[in-house]
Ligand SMILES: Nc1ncnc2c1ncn2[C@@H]1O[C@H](COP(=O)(O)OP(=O)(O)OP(=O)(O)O)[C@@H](O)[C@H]1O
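Below you will find one chain, with nothing else, as structure tokens; this is the form predicted alone, and questions on how it binds or moves follow later.
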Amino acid sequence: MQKEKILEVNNLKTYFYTREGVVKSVNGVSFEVNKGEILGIVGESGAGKSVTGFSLLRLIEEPGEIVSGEVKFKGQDLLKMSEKEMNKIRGNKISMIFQDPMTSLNPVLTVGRQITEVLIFHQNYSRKDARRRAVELLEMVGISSPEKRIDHYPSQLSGGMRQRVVIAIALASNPEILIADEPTTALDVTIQAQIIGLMKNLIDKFNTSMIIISHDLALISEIADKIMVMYAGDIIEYGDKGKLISEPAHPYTQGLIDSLPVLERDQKRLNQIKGLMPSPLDLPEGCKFKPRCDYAGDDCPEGTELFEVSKAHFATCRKAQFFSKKLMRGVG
């Protein structure tokens, strides 16, 4: 059965023009998301993950600029829309959950007010109906005594509760795509698991598509259907979760998997990828991972374009066939 494509991104480039030079944070990425599908974007800090997410909704501010590309939502290019048209998309058709719920929420407004404003603006609810719906949303995201909590301010709630409120706001307009940027970073492990479980259940319930952005491959592998690995502004591997986790086709992806803790073995210290991501102002030619790669050599190709390793599995490293191995380590 043909899956319905809801988002198509083609050759998206977002650069930041600084005094020191041009930072190519997103340097020609292309991917797609189907209806009801969850795409996980993973990589180290500075890989371009969050900038990609912000670019989809045109939330890039100076000195940043979306230089070129297409972001097609149901066939319409968002990059060609007017700001008025985009305001009908943001928070309505496509919603975003930001990293820190404390900075995402307005500290001087009750959580109920912040939910009802979305309903009134995007869904034309009356204030009475918006309040009733806000209570339902708070209950849906697992907040106890929602009739009381609706009149609380963000500072009166725990970190986990605040994140649930942010999710309630994001879901208020029944969006078709939900973008979650590091949604569990500020939470402890137990609450992280609860939030991820909640999001997964809500996505399944409403058949919403989702893009989840994180540096944590273990977390991404729990929830995503497809995974996109980014490094220094490029996509270096992209494919179905099961294939990518069990048969990584890029040394960087393999390094991320190797660095995960495994309970089944005696592991005194975690493995790590040597070196650091290069400065965005001084990127190496060709493969940007080459200075950190154990497999690098003079025979490495200059190009960084994705090629098909196997069905629905793409990578930029053409030496993958020489080192790729099945790692089935319980992370998928």
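Because the structure is a prediction, the values reported are computed rather than measured. Numbers for residues come from their place in the sequence shown, where the first is 1.
This protein has a second form, the form predicted together with this ligand, left out of what is shown; the following refers to that one.
Only one segment in the set 50-58, 30-38, 66-74, 292-300 has residues whose heavy atoms sit within 4.5 Å of this ligand in the predicted bound form; it is 50-58. Although the partner is absent here, residue 23 sits close enough that one of its heavy atoms falls within 4.5 Å of this ligand in the predicted bound form. By the criterion of a heavy atom within 4.5 Å, residue 18 is counted among the residues contacting this ligand in the predicted bound form. When this ligand is considered in the predicted bound form, residue 45 lines it closely, a heavy atom lying within 4.5 Å. At least one heavy atom of residue 182 is located within 4.5 Å of this ligand in the predicted bound form.
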